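Below, in structure tokens: the form predicted alone, a single chain.
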Amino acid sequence: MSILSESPEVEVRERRLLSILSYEGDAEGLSAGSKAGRLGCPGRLYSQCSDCAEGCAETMTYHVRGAAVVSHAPVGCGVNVSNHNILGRAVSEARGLPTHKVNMISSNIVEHDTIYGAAEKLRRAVREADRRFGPRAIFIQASCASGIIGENLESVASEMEEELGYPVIPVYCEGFKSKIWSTGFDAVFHGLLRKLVQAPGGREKDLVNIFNFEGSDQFIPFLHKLGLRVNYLVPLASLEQLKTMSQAACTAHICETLATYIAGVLEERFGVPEVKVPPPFGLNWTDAWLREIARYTGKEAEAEELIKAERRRIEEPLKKLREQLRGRTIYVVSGDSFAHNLANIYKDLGIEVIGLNTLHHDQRTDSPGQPDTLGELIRSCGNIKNVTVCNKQPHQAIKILLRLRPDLLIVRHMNLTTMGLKLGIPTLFEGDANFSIGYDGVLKMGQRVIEALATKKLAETIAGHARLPYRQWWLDGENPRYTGEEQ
């Protein structure tokens, strides 16, 4: 069965990957249960908070150079556009690229539109985006409102594409469609594969696709040492880069959760091999990642020399960091595979990972042989005893942290940092998915951990003045009804 569905909409992760939102146990139990496909709980009986697939989609669509976005939604769904605009400008300037400005318009669905339809309003918004921004492609993002009233985005997109003479790409990222927010990434990639990616006119042997979130370019100069060029996708890429991604020598990704769907399709449909090892977090994974990329680009000898040189260079500073951090414990809260990536770094620093909290878990991958970062983490670090799948539910995460009391909490999402500080636990925010990759990434992470541990007194002071909104019966008891385990 083909990975790329002929349907305009990508299949949600609950069905495609058997993704789950709740689990409590150890790493080996999660891995074994996933391989058997027998873990249940795609949802939970009680949810304190949530995110949205449209929010995940916009992290990609807002940052395509030469394109515009029409959010077919109430205006409130565009609340993050200013944050993305600031981030896009900052990151593009840091990477030496022309300043990026988010080109987004909301169709502003209101109550009247939910009764009589908003197709004409969508057409006007697309024409206005064309007039205002002069793009060479437009993404139309669905929303809960447009999905509930059954708007025919496909028809409007085809009609406007014919009128404007360039691609108009529907992205079916309705928030209610999937409880797994990462389905929003898949929706964007599905739209790109349907409407934008072109059949290869040839193969560029020194070009490597790397799919990642928006961030710094730590891996680009790293791969330049092998004489390779990097096609950084999707944020801040041009339409030309997206159209010609099928010509690369191979495809790698920094986060398994983000990009295995499009990497699998590029291999199946266009013959671009996927780098099927975990991303370069920690020394052993960095070695393997470099060797696999080198295998597809004919750079095996250069890779071995680079690995030896980098290992020698960091040997002494790494030894000093290990001496300072020996005996420390850490707890990681992050998206599915990125939590595994971060955890793999700490073994090199001599820090014990006493627990992981991933926001969801995919029980299988899109194609055979794709990276199994959880399985690789177990092989690399052994069984982690306290593993939880929990989609940002503070009522559950607070209890876990009170029970384990790590020396340090590390989180991928900024709004989770307050959890640790309210409990007196120093907390480190790992917002840039690229910052800790490679050999230097291990050293940088070690130094940041030392700096974070130095804030222990501040965290304790904050905890002394913070009041948790939970009664003692909840903090003391086991309540499977509210964590999803009852399902």
Partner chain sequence: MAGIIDRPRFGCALGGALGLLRAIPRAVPILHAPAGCGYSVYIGLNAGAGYYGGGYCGSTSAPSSNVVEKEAVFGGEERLREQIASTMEIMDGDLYVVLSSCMVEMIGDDIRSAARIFPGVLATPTPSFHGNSYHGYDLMLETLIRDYVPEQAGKKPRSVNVIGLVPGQDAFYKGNLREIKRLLALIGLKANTLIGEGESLEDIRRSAESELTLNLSDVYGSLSAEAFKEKHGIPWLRAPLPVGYLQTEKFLLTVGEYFGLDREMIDQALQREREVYFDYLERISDSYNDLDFQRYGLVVADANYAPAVTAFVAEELGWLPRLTVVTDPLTGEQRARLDSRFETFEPSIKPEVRYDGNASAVRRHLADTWERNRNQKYYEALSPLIVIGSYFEKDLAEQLKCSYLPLSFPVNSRVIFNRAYAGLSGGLTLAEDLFGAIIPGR
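On a predicted model such as this, the values are computed, not experimentally measured, just so you know. Positions refer to the first chain, counted from 1.
Below, we refer to the form predicted in complex with its partner chain, which is not included among the displayed structures.
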Given the stretches 67-75, 154-162, 305-313, 318-326, which is the single one in contact with its partner chain in the predicted bound form, using a heavy atom cutoff of 4.5 Å?
67-75
Each of Ser82, Lys101 and Gln393 having a non-hydrogen atom within 4.5 Å of its partner chain in the predicted bound form: is that the case here?
yes
Under a 4.5 Å heavy atom criterion, is Gln141 part of the interface with its partner chain in the predicted bound form?
no
Taking 4.5 angstroms as the cut-off for heavy atoms, does Leu45 touch its partner chain in the predicted bound form?
yes
With heavy atoms only and a cut-off of 4.5 Å, decide whether Ala248 touches its partner chain in the predicted bound form.
no
Going by a heavy atom distance of 4.5 Å, is Cys52 a contact of its partner chain in the predicted bound form?
yes
Using a 4.5 Å heavy atom cut-off, which residue among Arg194, Lys121, Arg136, Lys276 comes into contact with its partner chain in the predicted bound form?
Lys121
Need the contact residues for 125-162: heavy atom within 4.5 Å of its partner chain in the predicted bound form, sequence order, or none if there are none.
Ala125, Glu128, Arg132, Phe133, Cys144, Ala145, Ile148, Ile149
